[in-house]
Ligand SMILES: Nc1ncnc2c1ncn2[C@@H]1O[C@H](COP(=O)(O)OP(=O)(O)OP(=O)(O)O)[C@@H](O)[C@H]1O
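Take a look at this single chain in structure tokens; it is the form predicted on its own.
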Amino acid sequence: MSVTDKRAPGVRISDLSVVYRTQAGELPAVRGVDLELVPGTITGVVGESGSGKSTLALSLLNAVQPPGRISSGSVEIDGLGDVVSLTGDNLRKARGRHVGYVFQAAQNSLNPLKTVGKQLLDLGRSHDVDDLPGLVKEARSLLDRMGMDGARVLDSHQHELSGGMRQRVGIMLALVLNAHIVVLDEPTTALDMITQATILRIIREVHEERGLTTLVITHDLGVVAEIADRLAVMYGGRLVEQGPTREVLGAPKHPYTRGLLQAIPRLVGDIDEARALPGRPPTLGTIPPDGCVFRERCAVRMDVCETGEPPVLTIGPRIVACHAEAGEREPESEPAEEPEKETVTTGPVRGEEQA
């Protein structure tokens, strides 16, 4: 397996918004997202179905299709500039050469009329690869590394491969052009637990060997806990919490993140301790235009959550958007002032002897 330049490009998503045109008007799918993908780091984005995760991922390739469109913001990739402004050959070269993408349900994205090898050659020709035999050799190496017979897989049609094998073929196609940035949208969906573990191990190994900038989109907290260095939690088109994965999962600050963790059944102990979040996640037509998008399901909501956008707080390596975390909870009444008490110190207080 070839090793690319360890200085992979970084990605900075700034104030990104995506809307979809419907009979009811343009409805928001992604709203004001700021996210940085650090070279050499695996970033996981987690959230319920319909939260905007896949739309956010497609924006990295400027691949949002009508009736959707990127309405504002930028996706800056080091060495490429703003992907949102790229068109024609420049955009085509960015896809595959610079950004490799494993689409959701990648096992169903292969052409049933062509062998995997012929699709690989089509990919190489579309990106003006001069050394097609070298490309085939690299593909075989990747497939062998993923526990398959590379030569046989390249000669196979999709119906001759299992779901897990087709998923690994999708990962190979995203990596074979030596992209520095890799986006994986639900890479373990519909796979059994053993195959999931294999896929995650492969992703981590290739990421580390190539020094990639990797984005993993999933609804499975177990996946991000296993593979991601950083975690971003998405709800209703917004990122509500970001930070190192262990810190976010170990001590979540946003009520939605806490709700997700409380909904996971325990392997050991009382299964009834799991608590589902009340209500339903918003759809495009029900996302409120103002205020906190999570307020209808939040146990700590306040009056300010109805109309005011949550402040985005930076707390060490963590970022959280929440009125309650900002300490803006409105007191029910003014506390009565307590009279000053006279204190008499007869000696040093424990712990202050060295002060």
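So that there is no doubt, residue numbering starts at 1 and follows the sequence shown. Given the structure is predicted, the values throughout are model-derived calculations rather than measurements.
Omitted from view is the form predicted together with the ligand, to which the following refers.
Trainee: Heavy atom within 4.5 Å of the ligand in the model of the complex: which of Gly32, Pro39, Gly291, Gly50?
Mentor: Looking at Gly32, Pro39, Gly291, Gly50 one by one, just Gly50 meets the 4.5 Å heavy-atom criterion.
Trainee: Going by heavy atom distances of 4.5 angstroms or less, which of Thr115, Gln104, Asn178, Thr198 would be at the interface with the ligand in the model of the complex?
Mentor: That would be Gln104.
Trainee: Which of these stretches, 304-312, 291-299, 51-59, 318-326, has heavy atoms within 4.5 Å of the ligand in the model of the complex?
Mentor: Result for this chain: 51-59.
Trainee: So in the model of the complex, is the ligand close enough to Glu186 to count as touching (4.5 Å, heavy atoms)?
Mentor: Yes, Glu186 lies within 4.5 Å of the ligand in the model of the complex.
Trainee: With the partner left out of view, is Leu135 within 4.5 angstroms of the ligand in the model of the complex by any non-hydrogen atom?
Mentor: No, Leu135 sits far enough from the ligand in the model of the complex that none of its heavy atoms falls within 4.5 Å.
Trainee: Do Leu80 and the ligand share at least one heavy atom pair within 4.5 Å in the model of the complex?
Mentor: Output for Leu80 is no: heavy atoms all beyond 4.5 Å of the ligand.
Trainee: Examine Leu260 and determine whether its closest non-hydrogen atom to the ligand in the model of the complex is within 4.5 angstroms.
Mentor: Judged by the heavy-atom cut-off of 4.5 Å, Leu260 is well away from the ligand in the model of the complex.
Trainee: Could you run down 145-179 and flag each residue that has a heavy atom within 4.5 Å of the ligand in the model of the complex?
Mentor: Residues within 4.5 Å: none.
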